[in-house]
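Quick setup: one chain, the form predicted alone, written in structure tokens, and binding and motion questions come after.
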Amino acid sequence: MSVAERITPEVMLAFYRRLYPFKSIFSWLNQEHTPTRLFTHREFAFTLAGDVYLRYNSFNSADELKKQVCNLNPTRFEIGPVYSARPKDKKVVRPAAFSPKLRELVFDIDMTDYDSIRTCCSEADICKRCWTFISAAVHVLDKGIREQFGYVHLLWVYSGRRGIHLWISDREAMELTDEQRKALVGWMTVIQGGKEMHKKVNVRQGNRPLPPSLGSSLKLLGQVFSDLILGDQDCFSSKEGWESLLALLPQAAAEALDKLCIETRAETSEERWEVLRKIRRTHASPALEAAVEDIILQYTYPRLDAEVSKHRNHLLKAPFCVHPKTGRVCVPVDPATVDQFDPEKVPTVLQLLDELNDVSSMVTGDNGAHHSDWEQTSLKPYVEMLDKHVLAIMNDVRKMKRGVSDYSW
């Protein structure tokens, strides 16, 4: 029996009743202890069995949300923007009085966007090896967003299968208009173009140096390129991979590289790249150096799903939902330890319920309260990670309300 077949409605209902951290999700979205418009005017969308989709739901409290989730028992639910009116009242308010006002700035990185270069897996599959593409993206984006835009409340969440989501809760980020979001994601986007395009990096004028922000990322990605692209994935040893690399080099350098690799019988990516290093030393040129830098970026820089980030009314799967194909929970990820994160070791809903049953069998009696049963399972460190994130957001909100400056001089 497949994982999907084992995740029955009864399993999902037990998960929502006993394990899903509704109070933590409420605090994260609401940014205060008592309900505000950040929560009461927030859209929730539910996906039910049979692909029934219910939009424009809203709630006054965490308990209301939990009650409705347990009543509908969705396969997953998504979080949308904060509207000018309560989403549940959409049908009774004037269309002009109903529009998205606030929304976390969100990013989505999906492993399938790396299918043209990763060699260990393809399509929906993911393993610890190709997770390195994701971890490199997290390092680059986390550092870049903090340094270039000054945002601090970044929550990274594993998608449950083959990607990762980023939610940014800084007030300035939440207030961005669609036009501002489009400009910001355009600034952050480096990899562009479909399968028919060989060169997907066009971020410089001629052979001039990279913008400073990308120059900083290049230093970080150089080692990733060596370890991941040349070593682990061995992207340039196959005929297709080799031809893709040659297409990205100036014609003279590509011809010289191809010839020398044949003569020296260089077959692995590391061997072929070493030959390219020799050519760079003996036939140095601005065009060749620019091409090499662009190659490193093309193979290692984050590949963003830009449409996810551009619009305030975009819906994104809520943290701690269960992925229906893998059964894994969408857990937060610490960017400081993302290199050690293994998607194949993320707890599944079935595993968590087994852990809970093992604990329950050792305890007599049941008072019927299941608000923090996650504390008895391997979900605990992930919920605590969210709670720590929430605490930092709430501290900043309190400072803003009191008019306390962040300046130390």
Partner chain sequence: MYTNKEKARPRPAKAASGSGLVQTHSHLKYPHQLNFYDQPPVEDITLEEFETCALSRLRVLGEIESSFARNRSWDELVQITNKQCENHGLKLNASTAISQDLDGERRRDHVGHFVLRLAFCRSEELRRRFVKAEMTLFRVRYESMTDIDEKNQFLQSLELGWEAVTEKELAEYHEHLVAAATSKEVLELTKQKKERYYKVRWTRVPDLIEKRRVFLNAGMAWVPHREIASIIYQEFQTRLDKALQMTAKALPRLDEDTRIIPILDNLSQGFLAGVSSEWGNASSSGNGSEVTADMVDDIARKHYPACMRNLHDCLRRDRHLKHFGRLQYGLFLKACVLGLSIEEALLFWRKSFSNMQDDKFNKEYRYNIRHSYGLEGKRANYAAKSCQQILLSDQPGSSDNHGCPYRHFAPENLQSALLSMYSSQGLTSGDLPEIMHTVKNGHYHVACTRVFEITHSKQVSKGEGIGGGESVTHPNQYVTKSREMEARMQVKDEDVVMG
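Every value quoted in this text rests on a predicted model; they were computed, and no experiment measured them. Positions refer to the first chain, counted from 1.
Keep in mind that the form predicted together with the partner chain is not shown, yet the notes after this line are about it.
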### Message
Tyr151, Leu176 and Val190 - do all three of these have some heavy atom no more than 4.5 Å from the partner chain in the model of the complex?
### Response
yes
### Query
Which of 257 to 265, 177 to 185, 110 to 118, 231 to 239 has heavy atoms within 4.5 Å of the partner chain in the model of the complex?
177 to 185
### Query
Is Arg208 close enough to touch the partner chain in the model of the complex, meaning at least one heavy atom pair within 4.5 Å?
yes
### Query
Is Cys127 close to the partner chain in the model of the complex, meaning a heavy atom pair under 4.5 Å apart or at it?
no
### Query
Is Glu172 a contact residue for the partner chain in the model of the complex, using a 4.5 Å heavy atom cut-off?
yes
### Query
Taking 4.5 angstroms as the cut-off for heavy atoms, does Ala318 touch the partner chain in the model of the complex?
no
## Note on the structure
With the partner omitted here, the residue among Ala287, Leu248, Val203, Leu218 that in the model of the complex has a heavy atom within 4.5 Å of the partner chain is Val203
#### Entry: Single option in Ser213, Asn73, Ser122, Ser84 placed near the partner chain in the model of the complex, where near means a heavy atom within 4.5 Å
Ser213
